[in-house]
Structure formats: C-alpha cells, structure tokens
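What follows is one chain in structure tokens, specifically the form predicted alone.
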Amino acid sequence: MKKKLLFAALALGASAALALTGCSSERGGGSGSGSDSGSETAEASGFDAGATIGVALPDKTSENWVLAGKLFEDGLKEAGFAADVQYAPASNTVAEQQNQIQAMVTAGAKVIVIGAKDGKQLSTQVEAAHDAGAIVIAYDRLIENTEAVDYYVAFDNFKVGQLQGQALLDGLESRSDHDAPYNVELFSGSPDDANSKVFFDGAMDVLQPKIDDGTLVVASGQTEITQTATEGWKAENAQRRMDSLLTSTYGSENLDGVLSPNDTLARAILTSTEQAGKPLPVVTGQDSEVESVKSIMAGKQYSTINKDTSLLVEQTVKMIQQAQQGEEVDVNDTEQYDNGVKVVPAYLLDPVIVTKENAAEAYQNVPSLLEVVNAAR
C-alpha cells in the first residue's frame, strides 16, 4: 500500500529519535461532517494558511504521545500554520483537557486535533468548537456521543487487536513445551479510552473460537472487558492484577500466555511473573517502545505492534491542509467507527506485528530501533 509522505525529512528525523513504524492504508475517497455548523463552511471556503491549529493530547506517559507532540509542532510549522500543542497532565482529570480545548476555541483555532484523555467527556467542548466554525479531528482515540466530530485518524485498531490475538496463538505454538490446551489470561486497556474495547474486540475475534474449542483456557474465568481492564493504562495496575492472578489461580499451574494490549503493560506482566518465580509466558504488546524491543530481542516479550507515529501525524497535517485549501478531505473508511451518535469518517493506517524473527525488517527505516535489534543479534 502506498505511503503518502507529506514531510519526509521531518518523519525521518523523528523516526531516528523515537518513531514507531508501520505502513499507511491506501487513499480512499469521501469526506464527512456530522454537523451543519462550522466544518462544512470551513471546508467549502478554506481558511487562512497561517491559521492557528490546536492540538490537545492526553499526557506524556507513553513514548508515542511525546513523539506526536513534537511532530505536530514541527509539521504544522513547516506547513505554515501556528501550532498550539498542549498536554493534559497525567495527574489531572479530564477537566484540564476540557479547559485546554475551550481555550483553543476562544483563541480562534480553525482546526482542533484531539487525542482524547477521555473520549466520553468532551462533547461540550467539541460542540463549542463547531459552533465557532472549527473543524474537529479525533486523533488516535475516538471522541464519543457527539455529532461534532468531523474526522477520525488512527491506525486500524481492530486489526491491531487481531494481530495481537494471532501473535499470542503463534507464540504459544512455537514456544510452549506442551500441546494445547494452553492456560492464558487476558488484559485490556483503560476503560476511559475508546480504543481499549476496539483492541480487545479485535483480539477476541481471533481468540474466542480457541477458547470455545478448548485450545485456550482462561483459568481465572476473567474474560469480560470489565474484568480485564487496566485503569489509566498504568503499569502498576497491570502488575497488581497479575500478582493477584498468579497467587489466586496459578499456585501449582503454569501460565502459558497473556494477551497484553500494549508494551508498558506487557513489561509489568513479565515483571510480575519473574518476581513470582514462574516461567515467562508468551506476552503480546503494542507501540514498539524501546525497552520492549530490547525485551523481544532478549526472548522475553514475544511481540509488539509497529505503528509509525510520524505517518499518523503526517496524515493528520495533510487533512488539515486539504481543509485549509477548501479541498475534499481524504478518508478511507466510512463504516467502522460509530461514536454512538454518528459514524465518523476515518482515515486508517495499517499496523504491523513485530517479533524477534522479523524485527530487523520491520524497523529497517527506524535507525534507533534497528540499532537495538542489531545490537542483540
């Protein structure tokens, strides 16, 4: 599929620092707006090339959010816009992000890009943005229960989950010292992140048939997302739950595999298992964080997901430029992402699974991660 680089030099530089890699989806037609106010008028007439673009991101608790902020600052400046990039502190409630978005509206931002801290609690702010004539782009996390979201740009998160589920099965088959059935446990992300359910549903699309036929056994019985959730995506919460599972369920049994939705939680799960003196299970992940790539190359964590933040920001900036010029905004999915009120037109990029076996190929365009891989070979 064809990559569409909007500012290649920036992406390469950012990749050398931290980038998480993947490939984009091919271009699709169509556009959409869920409101009669603001965005349709803005798209028809365009707006000033030097306009302010607001970018509201959740916090700096993961590498990809830190990288996204830098990429937005540099990419929007390169495109001729004035960038207002803000983070909601990890220690604060969603109220801080609500205030930041409202301030962007008051300051006259023509487009507001939102990586939601809690996508269920921003409807008032995005509706105010629409009333002021701004375009709203949900970045990476869907904003729910409002008409006032024009576009969603993200990696295909259902596919992320499917890849994680398949990686768990592949790892169990290749690493286990016994045949099925395999004992597994399931972890999902934070309940205030709309992506958590999408990741989990994608994974269960692959894993549920194997649970049903007895290939996989969830010995704890905890198979519902409400039971598997990890509040705040915090490592300490995942480690605490893993400690509890090992104590309550795996006293005399070994745990063969764990579905983990991201790298931070994967490392916490592995730490818990090591501290309990148990053999390391097959553990999945996501985000290609440096420490997890090292863990994969050391034979501990089994897999991660390769999602190039530079490509995601690049596509978002391209969509902003198209809107500024009064052009039709690229989307390639108009069916999957129902936010509870409308199906939000989306541009989805393709994620890539990474294991020790394909890491060198997967990171060939990411010098910082390729260095990690080569050092371990």
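These numbers come from a predicted model, not from an experiment. Numbering starts at 1 and follows the sequence shown.
Beyond what is shown, the protein has a form predicted in complex with beta-D-glucopyranose; the following relates to that form.
Student: Please determine whether each residue of 62, 141 and 233 possesses a non-hydrogen atom within 4.5 angstroms of beta-D-glucopyranose in the model of the complex.
Tutor: Yes, all three are in contact.
Student: Pick from 95-103, 213-221, 188-196, 266-274: which stretch has a heavy atom within 4.5 Å of beta-D-glucopyranose in the model of the complex?
Tutor: Partner-contacting stretch among the options: 188-196.
Student: Work out which of 287, 127, 201, 74 lies within 4.5 Å of beta-D-glucopyranose in the model of the complex, going by heavy atoms.
Tutor: By the 4.5 Å criterion, the partner-contacting residue is 287.
Student: Using the partner position in the model of the complex, report whether residue 304 sits within 4.5 Å of beta-D-glucopyranose, counting heavy atoms only.
Tutor: Although beta-D-glucopyranose is absent here, residue 304 would stay clear of it in the model of the complex, with no heavy atoms inside 4.5 Å.
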